Structure formats: structure tokens, C-alpha cells
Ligand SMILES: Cc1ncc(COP(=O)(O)O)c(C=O)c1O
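Just one chain is shown here, as C-alpha cells, and it is the form predicted on its own.
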């Protein structure tokens, strides 16, 4: 309320294209604090660009680093909009398959890298699988990118999309990527951990140890202007300036995750228990995930086919509904499973 009542002159006026300076100062202090033990380096306001959500931030970064036909590696399953963001800026997506547990495979990343590779885009905690990459996995990815950068004589950028960073379960923490590789850019938003997706606010954070950090900051700031969003919303910037260490009650997601995962497994579904985010990614009981999600839809259950995330034979469920609504859906999951068994049995006869 204090922010809304602020009537100082210029409070709703134009601002620097990278965002309100005082807000960026606070974000830089926050990033220094949470990364100091591993990175041993200061973030300054020129390492931070406030953006219109993580989607806006990713588009600004890709606009800044890509030349036509540059390739961006993504690890499947991946957030379906990545392909469109890369295409927006004349890049090409190259898909790298995660293993059966949805974990990154260093050897697959290494094989996929070539002279056109400009970036690897990762997402942990992951949408749609809920996998949280370990520090060891991030370090291995950093080693692969360092060696490939030397081999191809170009700096390959690691872009880490982290809107679910604080939504982790069983007391875990999602480790920082900054200490694993110097040419790292983190893109995040406040949509999930503060539960304010409609406010569209996030930021780009550039590793202070990146060789071209200042030039990249200038490029991302210009992209923030010319892509049409101009600036992240001023009012909500001033609000989150006071909330950097705060978060909504994220235990709700963990409770729902455990409840629904256990209920589905008891009913015959196969799934990996998620470590974070607010999604489940069960295996479809029939090979065609499009057909199975249509069976769920007949039961008024909305699920997203795994094919859209680059992994056929699975489907994504969101845990954003009230627990009572989730409880009401369980019989529908049972009926859809039974229908699928009959359908698959008929097709194989």
C-alpha cells in the first residue's frame, strides 16, 4: 500500500531502460548475498536488467546473442515456448534428450555442440518434469561448455531459466549456476515464488565473471527497449524491491505434489516423483499421449501432452488447483486409465 500511495514527482514517469536503478541495486545486493560463498564476486546494477517476466528476459537475451542460424541447445523435456523464442531471433533449436529419469546427459550435450552452437538453455527446477539439477551436474555441464568453447573458438553461453528456483521439495535447494561456468546468464521471474504471474516482472542477471558482461548488459538493455515491452512495470518493481527474500507459502505445492503422485501411483500410473516446480509428468499408459489426454479431458481433467515438451508418451499436470479439486479428480484418473487399457487392447487385437 505504501508503494501505491507514493505520490512523489516522477514516480510513474520514464525510467532507465534496464529498470529502476534503486531496484537493480537491491537485486544486485541480493544476488551477491546468495552467491557469495561460491562465486566470491560482487554483482552490480549493470549486471541486472529488469524485464517483463522471464519470457521477456529470455527474448531479450536471445535477441542480444544470436546471429542468423546460430543454434541453441535445449534439453528435452523442455518448456514448449523455447522453440518460438529462439525462432523469434533467427536462431535454430537443437534438441538434446535427457535420460529416462529426465536428467541431463553430458555426453549427449557434447555430441550436439558444433561450430554453430551459441547457447545451451537449461531449466531447473524443470518444467514439465520437476527435476532439479545437482551441483555436480551443473559443474559437468560447465566443463563441457568450457571445452567446446575452446574447441570452436567461440564463447558458448549457458542460459539458465529459473522461475521455479525457490519451489523445491524436501528441504532441498536448487544450486546456483554462476559458479559452474563463467559465461552464464540467469533469467527469472517473480511470478511463481511470489505467486504474482499477472504482474509480469522478472530480471536478467549476468555473471560478473563473464568476459563481455558489460557489452552484454548494454545489448540486453537495448533489446528490452526495442522488442516492444520498453520497461518492466514501475509499480511492481518498487513492490518486489522489498520482497526479494520473501516468498508465498510454497509448502502447498509440495503437499499437493506428494498427494497426487502417491494417488496416481496407487491407481497404476508410472511417474518420477518431482523434486520441485509445481508439475507432475507421468508416463502415458498408452503410447499416444494425445489420445490419452483426450480421455482425461472427457473426465474434465486438463493435461498437456508430453509431445509438446519434446517427450512423447508422457503428459503434464499442474498442481495449481485447490487440493479438494485434485481429490475430486482421482476417480476420473481411474476411469481414463481403464478406458485407455480397453482402447489399447482393442487396437492390438
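Small disclaimer: the values here were computed from a predicted structure and weren't measured. Positions refer to the first chain, counted from 1.
FYI, the form predicted together with the ligand isn't displayed, but the following is about it.
The candidate spot formed by 54, 79 and 161 is fully in contact with the ligand in the model of the complex: every one of the three has a heavy atom within 4.5 Å.
Contact annotation: residue 191 falls within 4.5 Å of the ligand in the model of the complex, judged by heavy atom distances. When the ligand is considered in the model of the complex, residue 272 lies well away from it, no heavy atom lying within 4.5 Å. Interface membership of residue 207, defined by any non-hydrogen atom within 4.5 Å of the ligand in the model of the complex, is ruled out. In the model of the complex, residue 200 approaches the ligand with a heavy atom inside 4.5 Å. Of the candidates 180, 224, 237, 123, 123 is the one whose heavy atoms come within 4.5 Å of the ligand in the model of the complex; the others do not.
Look at 123 to 131, 239 to 247, 166 to 174, 263 to 271: in the model of the complex, residues with non-hydrogen atoms within 4.5 angstroms of the ligand sit in 123 to 131.
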